[in-house]
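Take a look at this single chain, the form predicted alone, given in structure tokens.
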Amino acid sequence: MIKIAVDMMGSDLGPSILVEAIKQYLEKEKDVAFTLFGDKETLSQLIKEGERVSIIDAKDVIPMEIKPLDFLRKKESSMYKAIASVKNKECDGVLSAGSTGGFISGATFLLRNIEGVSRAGLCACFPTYKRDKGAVILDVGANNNNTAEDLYGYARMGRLYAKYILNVENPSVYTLSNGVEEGKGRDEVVEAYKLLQERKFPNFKGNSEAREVLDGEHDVIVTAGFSGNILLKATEGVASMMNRLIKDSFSYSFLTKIGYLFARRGFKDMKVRMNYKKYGGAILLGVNGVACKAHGNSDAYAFYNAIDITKKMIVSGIVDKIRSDDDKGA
């Protein structure tokens, strides 16, 4: 039985949405059990404890902005207890929709980095032009400053994620830069490019500009956390703007509304293909345990998918694959 720890107290929409997703997952998957960390009185009214559901009382909530040392003082919080359950081998993985900063700090402090990993990275899967094919991008915000060795580590972990979670046989790997030519970019990008070339990293293709990363041809994009987070938020902003512009265009006049009736099937298909919620959330790769961060505003559909990606991470044994000397690309 796979055991997943869930921080129930950090969601923007409240624990009832998370419980809805958990109930759906329990119905479909019979080999998964949940340990829920949160206000036991509230949670007991939403879901019954049983063979595959247990509730651990933890009323404290990690605030959205918290310093790393302050997190360590919050030992009674739902997030701290959920992460600690993985550290103590009571659960196989942890999932939270709470504070991203708190989650990264907690997972890094409690689970520690895998030996040989200089820095853990937050790995996100982005929808691309190609149907049902995502692009793996990391780091998207776990660190503000990175070295070339950090980026090399992200390439290795991102490649493993693409291979064993997205089932891409030989993922293409790129470094994110402001030009495709060798020598373009910040110092850490230029040096990482050299490392990947010198160590003959499998299927390393060179630099990629941001405008190309979602074309469906780029499997893994390696970037420092600062620029990765900007890419993440810029992409989300453009997608939101395009959605509003399309709605405004079709509501412009009676004729445009008629036009929508003919085009709506295509737009519904586009909406499905661009829906980031199908990927559930981001994974903190490089720590000694499976740690998944769901979006704070996750609805039941998004959180269900976050549970599913957490399970896939556990089943794939990706932590052991990162820990081993196999497939390092050197």
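Residues carry their position along the shown sequence, with the first being 1. Fair warning: this is a prediction, and the values are worked out from it, not measured in the lab.
If you look for the form predicted in complex with another copy of the chain, you will not find it shown, but the lines that follow are about it.
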- Message: Can you tell me whether A97 touches another copy of the chain? I mean in the predicted bound form, with a 4.5 angstroms heavy atom cut-off.
- Response: no
- Can any non-hydrogen atom of P171 be found within 4.5 angstroms of another copy of the chain in the predicted bound form? no
- Query: Heavy atom to heavy atom, is E65 within 4.5 Å of another copy of the chain in the predicted bound form?
  - Reply: yes
- Query: How about C125: is it within 4.5 Å of another copy of the chain in the predicted bound form, going by heavy atoms?
  - Reply: no
- Decide if the three candidate residues G237, M242 and A263 all line another copy of the chain in the predicted bound form, where lining means a heavy atom within 4.5 Å. yes
- Within 4.5 Å of another copy of the chain in the predicted bound form, counting heavy atoms only, one of 155-163, 106-114, 83-91, 126-134 shows up; tell me which. 126-134
- Message: Within 4.5 Å, heavy atoms only, which of K205, R199, K75, K184 is in contact with another copy of the chain in the predicted bound form?
- Response: K184
- Query: What are the residues of 223-256, in order along the chain, with a heavy atom within 4.5 Å of another copy of the chain in the predicted bound form?
  - Reply: F226, S227, N229, I230, L231, K233, A234, T235, E236, G237, V238, A239, M241, M242, N243, R244, L245, I246, D248, S249, F250, Y252, L255, T256
